[in-house]
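What follows is a single chain, given as structure tokens, in the form predicted alone.
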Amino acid sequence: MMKNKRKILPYLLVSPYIIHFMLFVAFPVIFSIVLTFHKWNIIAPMEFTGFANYIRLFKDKTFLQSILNTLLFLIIHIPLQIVVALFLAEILNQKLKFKGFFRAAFFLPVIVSGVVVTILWQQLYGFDTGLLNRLLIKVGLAKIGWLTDPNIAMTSIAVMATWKNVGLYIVLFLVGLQTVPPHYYEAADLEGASKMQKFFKITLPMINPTIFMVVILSTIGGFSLFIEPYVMTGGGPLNSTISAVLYIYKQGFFYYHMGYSATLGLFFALIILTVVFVQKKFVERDT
């Protein structure tokens, strides 16, 4: 009996994880893949359509635009996020008064609800009553359609997203900066190296793993862009801010094209996997 109990015990211990994995990971993934070959509006029974959803996907210009919008967001957001976060982390890594207060202040937006932050910035970006345009008028400049001009709407959202998330990456960079051995800087000082030389020759190579992690996290976060365009613009103007996730959501829960929405989601997941793989090859370096 004791031997049988010992054989069963390991399986009992891992059974909660196995059950969780089967119910919340394996089943949804398999069901989503099966759903891509069907037409389903939740109410009526599923109708098998073969590869019709995939054919429709490659002809869908709006989905292509949503992908390009998301990539544009990433191109603006990731470099801006890294530069701002690293710059502020360098400052906060120095000997400053009230250092703890400033660290907490920069991290505060991260823990605030995304909807609250988005509504706040929506008010700041307001064309007639927004604070930014009021300041422009005060200095004699024309008002800017931060969220109504298709040419700058996505840039405005990227700036807001950077402000929202930069606190997290400041913390990550601070951890990376504090792991750099001080004697490297002491040796550089003896050699007469400037601050810029120390930054590019010591700091950046030593925190390369942190930079890689920030790039990956920013990429994944950027690909999941949803709340900001959903609340601020609804994907407009002229679909200039509709993200891939927002478009997938609209297809599934606005138009009830669940099969097509699942197809878009699967294809988009493959795009994310490809981009992250390419980043791993080109950004990650041995230190």
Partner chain sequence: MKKLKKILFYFFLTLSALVFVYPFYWMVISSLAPENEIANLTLLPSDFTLSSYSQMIDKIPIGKAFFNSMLVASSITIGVLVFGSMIGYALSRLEFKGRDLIFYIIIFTMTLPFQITLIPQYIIMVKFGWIDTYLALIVPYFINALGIIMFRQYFKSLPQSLLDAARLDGCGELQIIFKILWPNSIPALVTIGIITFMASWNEVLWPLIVIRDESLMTMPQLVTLFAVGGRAESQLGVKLASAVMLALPIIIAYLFFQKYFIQSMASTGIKE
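Numbering follows the first chain given and starts at 1. Computed from a prediction, not measured in an experiment: that's the story for all the values here. Only the largest set of C-alpha atoms that superpose within 1.5 Å between the two forms is called the rigid core.
Beyond the structure shown, there is the form predicted together with its partner chain, which is absent from this document and is the topic of what follows.
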Handout entry: Heavy atom within 4.5 Å of its partner chain in the model of the complex - the one residue of 187, 112, 141, 196 that qualifies
Key = 112
Fill in the blank from the handout: Residue within 4.5 Å of its partner chain in the model of the complex by heavy atom, from 108, 204, 75, 83, is 108
Handout entry: One stretch from 75 to 83, 149 to 157, 196 to 204, 210 to 218 that, in the model of the complex, holds residues within 4.5 Å of its partner chain by heavy atom
Key = 210 to 218
Practice task
Could you confirm whether residue 50 comes within 4.5 Å of its partner chain in the model of the complex, counting heavy atoms only?
Solution key: no
Exercise for the section: Could you confirm whether residue 9 comes within 4.5 Å of its partner chain in the model of the complex, counting heavy atoms only? Expected result: yes
Problem - Non-hydrogen atom contact residue 223 with its partner chain in the model of the complex at 4.5 angstroms - result: yes
Problem - Residue contact check: residue 137 to its partner chain in the model of the complex, 4.5 Å heavy atom - result: no
Completion exercise
Across 146 to 167, the residues having a non-hydrogen atom within 4.5 Å of its partner chain in the model of the complex turn out to be 163, 166
Problem - Core-aligned C-alpha movement of residue 12 between the shown form and the other one, 2 Å or more - result: yes
